[in-house]
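The chain below stands alone and is given in structure tokens; this is the form predicted on its own.
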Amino acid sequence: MLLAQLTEVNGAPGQEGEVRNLIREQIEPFVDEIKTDALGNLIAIKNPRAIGPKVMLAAHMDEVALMIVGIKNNGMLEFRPIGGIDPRVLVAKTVIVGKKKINGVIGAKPIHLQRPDEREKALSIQELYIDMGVKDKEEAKRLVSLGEIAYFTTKYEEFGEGKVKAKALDDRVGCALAIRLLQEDLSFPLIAAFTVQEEVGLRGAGVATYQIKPDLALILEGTTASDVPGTDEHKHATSLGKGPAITFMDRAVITHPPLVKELFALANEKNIPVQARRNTAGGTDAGQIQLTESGTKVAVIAVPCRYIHSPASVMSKKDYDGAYELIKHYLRCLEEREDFQ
């Protein structure tokens, strides 16, 4: 399955090569042009010389990960997060480290050796390490170099009632949607930008948009679902199973109101469940895409994911399929419009 393949390859910010190669293989039969820019964005163009609105689909390839920053005398590895990771979710998680993909486990001082005051607070990143099972620093240095990346080892798995567990659903779910949409038979210029370095500051999106110069952009994302114990219902940013989430505003963007209104109306017309993203925290590539050159009309359609930015996130296949159907119908509607506003 496409989503399984995408989540099981690795691509930290600035090191998205494995993901980019897989996406290129998937989309080559369905597009007219493919290029990779200097930053690493993969840009795929369908119908480049056609008449009609120039529509951009954007999804980022990178995932949160861990960079090796030190090697202790006993061979344990010090690391720091690339992107936002809560250190409380890391203890005892398995990883693969570096180009050689060495197996490791994230360790910490055991609880029975911790002082009482230490047990009362969460462990910091500085108190964690990666154990590769080596005897000393010299052996570790033969396997791993400073600056290499450690990735979570979670495998794609379907469970429960139409649920999926995987790493990197943010934003391989958006990449999967863009790949599927490129397979649609459309008559206007459709450009998909698979962007880099979103998790460290939306860095690739502006560069890609500057080249594309779209009339409008749809940003395809995985977003936080907070329908979990301990969170009041009125504070749920999104909920699993209630359809894809459409963003009005976050810390980086206010989306284009007429475009958002169109999407909600279309969802109602096609009987596709959707929800509003009810939180303004976080940000997506929309923030950069909207501001590039003379500005771009943007909307964000996201699949809710529990436990985002962790070794294992959870999504609903119904929400994923709903996002695909909504965007597909919207693109079909664009074809039928005599003039594009």
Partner chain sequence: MDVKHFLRNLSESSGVSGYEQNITEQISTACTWADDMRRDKLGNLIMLKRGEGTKPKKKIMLAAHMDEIGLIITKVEKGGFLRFGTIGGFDQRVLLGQEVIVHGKTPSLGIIGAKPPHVQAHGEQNKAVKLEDLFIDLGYDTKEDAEKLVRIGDLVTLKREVIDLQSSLLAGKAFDDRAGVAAIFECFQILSTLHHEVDVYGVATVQEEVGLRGAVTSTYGIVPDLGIAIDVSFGDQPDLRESETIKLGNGPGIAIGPHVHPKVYDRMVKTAKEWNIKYSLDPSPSPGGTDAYAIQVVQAGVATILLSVPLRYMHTSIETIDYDDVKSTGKLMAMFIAGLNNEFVEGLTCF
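As the structure is a prediction and not an experimental result, all values here were calculated from the model. Positions refer to the first chain, counted from 1.
In what follows, reference is made to the form predicted together with the partner chain, a form of this protein that is not presented.
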property: Per-stretch contact check against the partner chain in the model of the complex, the hit in 165-173, 178-186, 266-274, 145-153 (non-hydrogen atom, 4.5 angstroms); result: 145-153
property: Exercise: Lys101 in contact with the partner chain in the model of the complex, heavy atom 4.5 Å; result: no
property: Proximity of Ile51 to the partner chain in the model of the complex, heavy atoms at 4.5 Å; result: no
property: Gly11: touches the partner chain in the model of the complex, heavy atom cutoff 4.5 angstroms; result: no
property: Partner proximity in the model of the complex: Gly70 to the partner chain, non-hydrogen atom cutoff 4.5 Å; result: yes
property: Heavy atom contacts to the partner chain in the model of the complex at 4.5 Å, residues of 30-45 in sequence order; result: Thr36, Asp37, Ala38, Leu39, Gly40
